[in-house]
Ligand SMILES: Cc1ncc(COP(=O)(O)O)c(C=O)c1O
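Form predicted on its own, single chain, as structure tokens, below.
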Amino acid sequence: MICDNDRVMIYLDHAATTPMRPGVWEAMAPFAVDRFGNSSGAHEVSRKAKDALEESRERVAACLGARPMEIVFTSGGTEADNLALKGPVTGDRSLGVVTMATEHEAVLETTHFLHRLGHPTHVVGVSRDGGVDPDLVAGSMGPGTAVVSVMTVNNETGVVTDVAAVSAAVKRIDPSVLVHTDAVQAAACESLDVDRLGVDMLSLSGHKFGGPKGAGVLFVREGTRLEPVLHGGGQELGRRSGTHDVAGAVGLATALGMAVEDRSRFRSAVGGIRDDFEKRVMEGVEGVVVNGGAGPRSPHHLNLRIPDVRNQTLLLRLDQSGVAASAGSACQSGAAKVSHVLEAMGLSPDEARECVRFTFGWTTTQDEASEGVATLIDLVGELR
């Protein structure tokens, strides 16, 4: 539970953001106060910041099975996704991207932007359960395809894509095509060894696994052509200019290491809590449908369609009752927009407006989830 203005809330929206893990802020704080130097400088104050930045780079690389020089620090997942898609095609409008209809807005909106500039783009559909067909993805490539981007764990449904299979299918057709994965939702629950996944680029965002907001990473395999999106002083080996947020990098690296160490427990404990929540809803609410429930899902996502109940009304009542949940992506939850993910999975706009997302995290307890699901069942009964 969390306390906000003396109000106790059951927080079931961990896909939007997570609380910091213990020790993360303590690791960051010195670089916001005492060791505040600019890591690009040459004197001792700057060297201390530089040492911390490079140590963080090494720690992140170790968690991904990568080399330190392949780690680019960014301001978050959105910037990392933008760099991954724009970087390889900028300067040549004959080059383009292929991606999926259920991707995060950071990928889809970047794809639409590139299309408006004249780059060839293709958005591939998914199955009713949100599944991705590797051969369909690979078959959607054209002669100008430079990047294929496919999400590891969907942020709205938790559907897990076999990224390694997609990469293998793409590379069989054209080994020069780069494969990128938005793994922002995956760090707490999925192995992200970049060689096993077969990816050339991978995006992370610190606040999704117990780190700070405003800190992200793009893994870029050595030898990948990447024009920077931000030009300036040439930091990050020329791939991302701007003064480093050393405290953010330290916090992200600390949290990622903790998430990797906690991954087995997370899958078991948090997955058990999610499964129990789902079981109780299915028993207590008639007609409930689990979106994406037929395929592999992350252990911490649960996207439900509750017929005859509008999600915005239900979410308001849940909030008033002390339960925090969402209608889908945090980027759109305040806009009352129909989820593009659910529409891509074949739901009508009216059906999508009956869907709510509950996501669980490293702080979630069984008691919280039990109280949350009891509140949900009671409110659905009242609203129906």
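All values reported here derive from a predicted model rather than from experimental measurement. For every residue, the number given is its place in the sequence shown, counted from 1.
What comes next is about the form predicted in complex with the ligand, which is not displayed.
For the residues V97, A253, V199, M151, the 4.5 Å heavy atom test against the ligand in the model of the complex is passed only by M151.
Taking S298, N303, S167, N155 one by one, only a single residue has any non-hydrogen atom within 4.5 Å of the ligand in the model of the complex, and it is N155.
Proximity to the ligand in the model of the complex, taken as heavy atoms within 4.5 Å, picks out 200 to 208 from the listed stretches 253 to 261, 286 to 294, 200 to 208, 108 to 116. In the model of the complex, the ligand sits within 4.5 Å of a heavy atom of V184.
When contacts are judged by a 4.5 Å heavy atom cut-off, G77 counts as touching the ligand in the model of the complex.
Using a 4.5 angstroms limit between non-hydrogen atoms, H104 touches the ligand in the model of the complex.
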